[in-house]
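Have a look below at one chain only, the form predicted on its own, in structure tokens format.
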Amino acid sequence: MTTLAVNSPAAVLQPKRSTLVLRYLRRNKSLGFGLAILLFLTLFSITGHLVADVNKLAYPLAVKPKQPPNPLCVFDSTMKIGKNCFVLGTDFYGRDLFAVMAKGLGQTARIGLLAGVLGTLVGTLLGFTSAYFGGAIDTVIRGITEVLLPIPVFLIQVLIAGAIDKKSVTVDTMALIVVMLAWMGPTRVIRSQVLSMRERMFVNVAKLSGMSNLEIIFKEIMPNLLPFLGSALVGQVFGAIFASFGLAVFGLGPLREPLIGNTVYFAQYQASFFNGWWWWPLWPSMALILIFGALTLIMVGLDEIANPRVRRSE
């Protein structure tokens, strides 16, 4: 008789987790491209901090003003960035735009992450509390949310930022202004998700097994909503960066700080295009396109994870 050789389970090699992640990113191209763009911007900011004194060169009167870009100067060993070597040029106020972009990307990311995380946390807390416990708590939270949602958020942010003394406005203050009304959207959406989730069979089984409400929320419902919460967080970061950029373009941000929006504001204020300083608004505009494009692609990619209806198979 012929015997068939059967491989034992131990002989079957399982792919590494990193390999599985790379396979998924290759299939989910939106998420992969979005993360790649964010990685590029992060590496650019880190490199800028390493090769240039951004804490000096990103502020006025640091270098010779109105110098055009000269990226080839970095290949001259006698030239150092910020010392007669202006890779991205300089602006009207004597700031090295390479240092401005390196520091500005970090500060813009700080505003987006701070406002996005706080807004998502508050929205998640209120949404879970309202949907899971219901009753009077649900009525109050839902009522406040429904009343505030129709209000134009950006208009309120402009009024608040305009009422604050410009000397006291910082990057963190700007993030807090943005997050003041950023929790309403996540509260409403997360509440609807939890309302649907709490009626599932596994939640009823958890209640019958004697689990407490907090255990059900953190051990049963929360893990199933993590992809959705990740998508909500990216959306909040997108909205926070967009709002902070809008406030900065109107001159309502911390004007001394090299934010991306502030760079566009000063370039517009000094009529850079009409004066031939085309490189001044070019770099912040390209950075904003990359930031918003990356966040949009990531949201589309995360939607595939959170929404089974649009999920594709291997």
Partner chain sequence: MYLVRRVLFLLFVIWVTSTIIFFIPRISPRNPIRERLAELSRSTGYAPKDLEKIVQAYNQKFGLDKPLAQQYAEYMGSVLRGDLGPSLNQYPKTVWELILEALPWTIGLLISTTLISFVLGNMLGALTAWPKSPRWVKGLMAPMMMLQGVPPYLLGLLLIFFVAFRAKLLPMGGAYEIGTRVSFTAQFIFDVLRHQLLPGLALVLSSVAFWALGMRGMGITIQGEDYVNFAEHKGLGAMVIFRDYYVRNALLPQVTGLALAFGQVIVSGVLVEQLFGLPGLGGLLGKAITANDYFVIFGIAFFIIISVTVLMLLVDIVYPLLDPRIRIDSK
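Computed from a predicted structure; not experimentally measured. Numbering follows the first chain given and starts at 1.
Not pictured, yet referred to below: the form predicted together with the partner chain.
With the partner left out here, the partner chain still marks one of 114-122, 131-139, 147-155, 227-235 in the predicted bound form; by a 4.5 Å heavy atom cut-off that stretch is 147-155.
The candidate spot formed by A163, V264 and W278 lies fully in contact with the partner chain in the predicted bound form, as each residue has a heavy atom within 4.5 Å of it.
None of V51, L35, L41, V249 but one reaches within 4.5 angstroms of the partner chain in the predicted bound form through a heavy atom, and that residue is V249. The partner chain in the predicted bound form is approached by L159, whose closest heavy atom lies within 4.5 angstroms of it. The closest heavy atom approach of S30 to the partner chain in the predicted bound form falls within 4.5 Å.
Interface membership of I289, defined by any non-hydrogen atom within 4.5 Å of the partner chain in the predicted bound form, is confirmed. Contact annotation: S285 falls within 4.5 Å of the partner chain in the predicted bound form, judged by heavy atom distances.
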